[in-house]
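Consider the single chain below, provided in structure tokens and representing the form predicted on its own.
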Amino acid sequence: MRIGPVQPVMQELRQTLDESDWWPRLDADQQRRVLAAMVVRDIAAGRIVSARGAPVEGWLGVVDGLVKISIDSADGRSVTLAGVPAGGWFGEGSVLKDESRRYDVIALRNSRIAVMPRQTFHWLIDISPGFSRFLLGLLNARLGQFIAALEHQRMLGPEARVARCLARLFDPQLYPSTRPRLRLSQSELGLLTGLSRQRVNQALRQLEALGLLETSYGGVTVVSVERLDAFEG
């Protein structure tokens, strides 16, 4: 379900594009065509951005907010595959394969989502070598992300899962706009890690005691991405 009307491209979108690694690889004419084709939608917290089984309109970018990519089983269990903060672009696999969405995309807070129509996406692949090279790197990073997520889910304890989840949000190819201060609540972090809010709170306290991060109301400040990414508990 979409909340609010389709909105024109705005300054906030331009800032997101300027911080995206693929945008400078386009020439001026390509940038104008992409901007003319893009739309921006506001999605309320808890609402579906794109539903599993729905036709894929295009490539999605988070201009503001936070979304999760998840799958629900027939018996009601939910598995979060990834979280995407502001500045992240995702869904390229579904656009490339010309298939229905295989997962739900849900806004964890009020979010602003940019949509590059699939026709524009495929046109860029055909005409822009720079965009195609970027896309190869992005797909490789995405594969590494999901392999790591599976490994963490099966082999790591709660503290390490929280640490690695936070570290993944700093991947420069996937999320180039991430800042040291993450506006991320314990409930949201629980949804991304599959842990309860209480268990996330315990994990954050341990990681803070080790000097890897600092907690404050409504967010987390990461002190060392490298140490978080190497943390095993």
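The numbering used is simple: start at 1 and walk along the sequence shown. Source: prediction; values computed, not measured.
Keep in mind that the form predicted in complex with the DNA is missing from the display, and what follows is about it.
Checked against the DNA in the predicted bound form, the candidates T178, S185, Q30, S70 yield a single residue with a heavy atom inside 4.5 Å, and that residue is S185. At a distance threshold of 4.5 angstroms between non-hydrogen atoms, N201 is in contact with the DNA in the predicted bound form. Using a 4.5 angstroms limit between non-hydrogen atoms, G211 is distant from the DNA in the predicted bound form. When contacts are judged by a 4.5 Å heavy atom cut-off, R52 does not count as touching the DNA in the predicted bound form.
For the chain shown alone, P24 is not a contact residue for the DNA in the predicted bound form, no non-hydrogen atom being within 4.5 angstroms.
Residues within 4.5 angstroms of the DNA in the predicted bound form, judged by any non-hydrogen atom, belong to 192-200 and to none of the other stretches in 192-200, 165-173, 54-62, 40-48.
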